[in-house]
Ligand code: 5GP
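Shown below, as structure tokens, is a lone chain in the form predicted on its own; questions about how it binds or moves come after it.
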Amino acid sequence: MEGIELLKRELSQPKDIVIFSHRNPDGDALGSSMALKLYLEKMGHTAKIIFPSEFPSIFTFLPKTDEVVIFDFEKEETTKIIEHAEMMFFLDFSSLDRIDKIGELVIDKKVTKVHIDHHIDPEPIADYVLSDTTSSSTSELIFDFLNELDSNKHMNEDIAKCIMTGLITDTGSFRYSTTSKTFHVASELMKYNLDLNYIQNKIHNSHSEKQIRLLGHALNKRLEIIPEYHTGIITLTKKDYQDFDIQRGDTEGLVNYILMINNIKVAALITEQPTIVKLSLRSKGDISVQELARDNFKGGGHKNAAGGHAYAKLDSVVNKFKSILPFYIKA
């Protein structure tokens, strides 16, 4: 990170620090944020995490998740924390609109800001930036940052567990977006007495009966295959949300099941929310769903994992998605 020596000096005295990550936080958002919080506390700082919305309950096995402040439920508390902040960290998002209305509260705040992220096209929102689009996850970058900060002097099992959770979730258990460096970081983390089977079980084998029944419904009743474009689409309607009492996090990972089908190269989960239609996109190989989301659905992300949204009816969004496939995928 450019300017790391200056940042080290700023962090040499105890500070009130706030860590932000994006709406609908996933394992990488939570893992990287919690790892940084725990590390900063070891250094003598006061560190708080603020998310715009709640995170999936499967991640409550990580330490101190009960201390996370959720803006949707705690607006006054969020405002107070930001008012007292002496430093801010922005993790796992490329622009302030990814933290919704919180962005309006922090944009003019005159404190040191640090941005650590692996998404494409980061906006200039901080004084110090660690950005690497080749990194598997923001959690991997947090490991790098802590190493630059003081050679991971305060690393322990809890912090390593948080970083490993981010690595596992953002790489699909090391199936994609990995480099030799990713495996090197994972190897270093294993030195801290991690129980990898425990972590994997908590992430992948902690679903509710409702989530499994929803999965069956989605694959049986809501899956459409477009063979000429090697694409699969799952749509979930408002009625599905009511019938299955779908809550935040219940659809996590659903889109990945489409890619398990032979010859499918693009997967889309398109969900009808109360006021918006959201798209979660995945792909294999050289097909960029990031470009598709950016160009057509005000979204973005990574080459093989992206998302977007539209203020339109579900049918029209699905039809638009189908109509643009020829421009991104060869028949």
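Just so it is clear, the model here is predicted, and its values are computed rather than measured. Start at 1 and count along the sequence shown; that's the residue number.
Not on display, but discussed next: the form predicted together with the named molecule.
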query	finding
Within 4.5 Å of the named molecule in the model of the complex, all of R98, K278 and H309 (non-hydrogen atom)	yes
Position in contact with the named molecule when the complex is considered in the model of the complex, options L62, L38, I264, A305, heavy atoms within 4.5 Å	A305
Answer option from H230, H119, K113, K202, heavy atom within 4.5 Å of the named molecule in the model of the complex	H119
Segment assignment from 279-287, 66-74, 39-47, 52-60: heavy atom within 4.5 Å of the named molecule in the model of the complex	279-287
R23, heavy atom within 4.5 angstroms of the named molecule in the model of the complex	yes
